[in-house]
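The chain that follows stands alone, in the form predicted on its own, written as structure tokens.
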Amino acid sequence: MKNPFKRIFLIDAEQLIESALADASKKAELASVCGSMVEKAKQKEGIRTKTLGSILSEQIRKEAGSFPDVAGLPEIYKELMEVYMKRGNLEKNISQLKWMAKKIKQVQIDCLRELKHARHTQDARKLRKEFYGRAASFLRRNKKIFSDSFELRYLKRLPDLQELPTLVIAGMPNAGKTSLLFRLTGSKPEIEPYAFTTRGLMAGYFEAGFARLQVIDTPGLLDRPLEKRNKIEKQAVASMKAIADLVVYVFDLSEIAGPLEKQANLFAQIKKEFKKPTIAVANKTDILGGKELGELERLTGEKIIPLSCETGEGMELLKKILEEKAKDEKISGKYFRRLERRDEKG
């Protein structure tokens, strides 16, 4: 499915006011007018008023119309959207934007009507300035609507996700998650980074026997409570909650990503909070001076697959395990149940 936020159009209120004012002045200066001084003034001020009002109302209406239907959003995009803005708040913003565009257009029409009856050049100038002031003030008073919506700019570059059984790769920063994604999918051209701030989600696909798994690499998580996580971390949390059928948690034996104790704490958090089938792997077995696998297994109480994303050691074993997991009806059946629900709605 295509990212429904890819084409959203977002406005910076101050920049819009400045560019609209500049365009209005330029258009009036280039316009050819005739008649008495009063008529010329009325025509010039009318051009400025029309131009400014039209730009503001059209741009605001364009933003309001660029958002997808929130009620019909696929679950993953809905979850990721709510990292930045609640569904009800976005719907309210869209409604307010439409109202704002309509209001500015009405104020513009009122000003043009009054300009038609102006008797002096200063009256025409005064009416136009009043309109400028009202329009700019109107946008600035509602600045929060634009700034809140502007937060959604990070969603524009989400991957195009498919309705497939989905494997999410999780772990601390620098544990080797992206390297594992490359190793599993084996096709770099199909994988593109979608940056939010410094890191974002990455997507690829793994042929697991007769099944196809969607593989998502998430931003690195830190060992801390959910309420203390930043937006980058919350994206990983949202993706796991929304679409993960299976989680591969990557430990870093070299401890470059962090002490084993902290990595083990995060692993326990993920298993407890998301209740997803989870496979634990220990990366960087090729690095000298790292911790022993036995120590990590004692910390977690789990059987952990040793591997090296650098050399490929352990990758065949992991792929075999993933192929077996893909046969599980709880995982492979999810795609077909989604199709059934979609057909029922259709």
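For the two forms, the rigid core is made up of the largest set of C-alpha atoms that agree within 1.5 Å on superposition. Nothing here was measured: the structure is a model prediction, and the numbers come from that model. When you see a residue number, it is the position in the sequence shown, counting from 1.
Keep in mind that the form predicted in complex with a small molecule is missing from the display, and what follows is about it.
Although the partner is absent here, Ile216 lies well away from the small molecule in the model of the complex, with no heavy atom inside 4.5 Å. For Glu39, no non-hydrogen atom is located within 4.5 Å of the small molecule in the model of the complex, even though that partner is not displayed.
By the criterion of a heavy atom within 4.5 Å, Leu167 is excluded from the residues contacting the small molecule in the model of the complex. At a distance threshold of 4.5 angstroms between non-hydrogen atoms, Asn283 is in contact with the small molecule in the model of the complex.
Here is the short version: of Leu293, Leu317, Ile287, Val33, the single residue with a heavy atom within 4.5 Å of the small molecule in the model of the complex is Ile287. With the partner removed from view, the residue among Thr185, Asn93, Thr178, Asn142 that has a non-hydrogen atom within 4.5 Å of the small molecule in the model of the complex turns out to be Thr178.
Stretch-level contact analysis of 304-312, 40-48, 53-61, 25-33 against the small molecule in the model of the complex, using heavy atoms and a 4.5 Å limit, identifies 304-312. Annotation: Cα of Gly65 displaced by less than 2 Å between this form and the one not shown, core superposition. With the core held fixed between this form and the one not shown, Asn174 has its Cα displaced by at least 2 Å. With a cut-off of 2 Å and the rigid core superposed, Gln263 has a Cα displacement that reaches or exceeds the cut-off between this form and the one not shown.
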